[in-house]
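Below you will find one chain, with nothing else, as structure tokens; this is the form predicted on its own, and questions on how it binds or moves follow later.
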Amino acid sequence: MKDYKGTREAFTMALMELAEQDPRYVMVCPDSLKAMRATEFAERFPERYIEVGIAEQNAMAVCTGLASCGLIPFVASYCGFLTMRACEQLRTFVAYPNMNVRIIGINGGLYGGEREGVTHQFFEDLGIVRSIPGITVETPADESQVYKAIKATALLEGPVYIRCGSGREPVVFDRSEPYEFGKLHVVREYGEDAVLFASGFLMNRAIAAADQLAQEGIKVTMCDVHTLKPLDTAHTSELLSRCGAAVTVEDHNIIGGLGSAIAETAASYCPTPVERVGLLDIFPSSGEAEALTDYYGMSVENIKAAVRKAVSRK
């Protein structure tokens, strides 16, 4: 078996390893096998690969049927098509009866829309799945975290949504870096001037901002929020209370995703000023991933400015 390189390849490798150990694991694709870099899975497990064509709603319904028979289906495609085109099926047929379906969405955020533009830049998906009861939501930052997220959630009860990338996302963590489902991961702990929460494909920028701010005299605690739902509320509220100011960083609309989750926690447990770095509730243009995220206010300098603003509001 080849080693993985990229979030989609990491997903496929993790699923194949699970399938080797347990015959319940199957894969359903709405004409997305090649996009998922999963051809090897179909070749090795042809009896456990189901192709439904360009029909995401049908794919979700097929997964429900498979899960009702005791199988553990993974449905994998572009995250917007799974969470928007098949939203009713996801909500009513998967989440409502608490089916063991794993939804793997690729091309999350602006990083995914370089070639196709706004129709393939999915920055609403996390807000959609967070609002549906019973769905676990994972937002891994890079390839090794995707691999670990697949393994960590494989036997969870109920539906799981895991957001993957486009192949453009940078490698952030060493493969030995810990990944504990449902828990915050403190990546930098310089001090308590502010707490910086990041999730997904801008993690490298959040880390760089924390490092540079420390050199400039602003000491932050920087956390990776790879489990967005259920959020690690206890640790989150403890950090908010201790630091007294917070910044969130995500490749997603600032409404509905990480920024909303942290602001909700602050409002419920320990009122704290929260600055949100992400897409500012607008439809973006097409462009190269790094340049595009810079243009829309998600650069390292934008993150540093948000931290300074949050600290000034303490």
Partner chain sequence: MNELKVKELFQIAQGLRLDVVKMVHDAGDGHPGPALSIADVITTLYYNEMRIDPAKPLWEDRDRLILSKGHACPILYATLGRLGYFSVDEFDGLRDLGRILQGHPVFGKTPGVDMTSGSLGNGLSIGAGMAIAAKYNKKDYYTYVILGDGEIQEGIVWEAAMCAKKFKLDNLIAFVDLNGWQSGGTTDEVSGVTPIYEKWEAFGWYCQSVDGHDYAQISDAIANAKAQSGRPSMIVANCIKGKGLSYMENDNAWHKGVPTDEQLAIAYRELGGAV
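The model shown is predicted, which means the values in this text are computed figures rather than measured ones. Numbering follows the first chain given and starts at 1.
Not pictured, yet referred to below: the form predicted in complex with its partner chain.
This chain appears without its partner; in the predicted bound form, the one residue of Glu88, Glu157, Asp174, Glu216 with a heavy atom within 4.5 Å of its partner chain is Glu88. A single residue from the set Glu51, Glu288, Glu264, Glu40 has any heavy atom within 4.5 angstroms of its partner chain in the predicted bound form; that residue is Glu51. Contact check at 4.5 Å (heavy atoms) against its partner chain in the predicted bound form: all three of Pro23, Asn58 and Leu66 pass. Residues of just one listed stretch (90-98, 162-170, 137-145, 197-205) have heavy atoms within 4.5 Å of its partner chain in the predicted bound form: 90-98.
Not displayed here, its partner chain is kept clear of Leu33 by more than 4.5 Å at the level of heavy atoms in the predicted bound form. In the predicted bound form, its partner chain sits within 4.5 Å of a heavy atom belonging to Val62.
In the predicted bound form, its partner chain sits beyond 4.5 Å of every heavy atom of Cys243. The closest heavy atom approach of Asp281 to its partner chain in the predicted bound form falls outside 4.5 Å.
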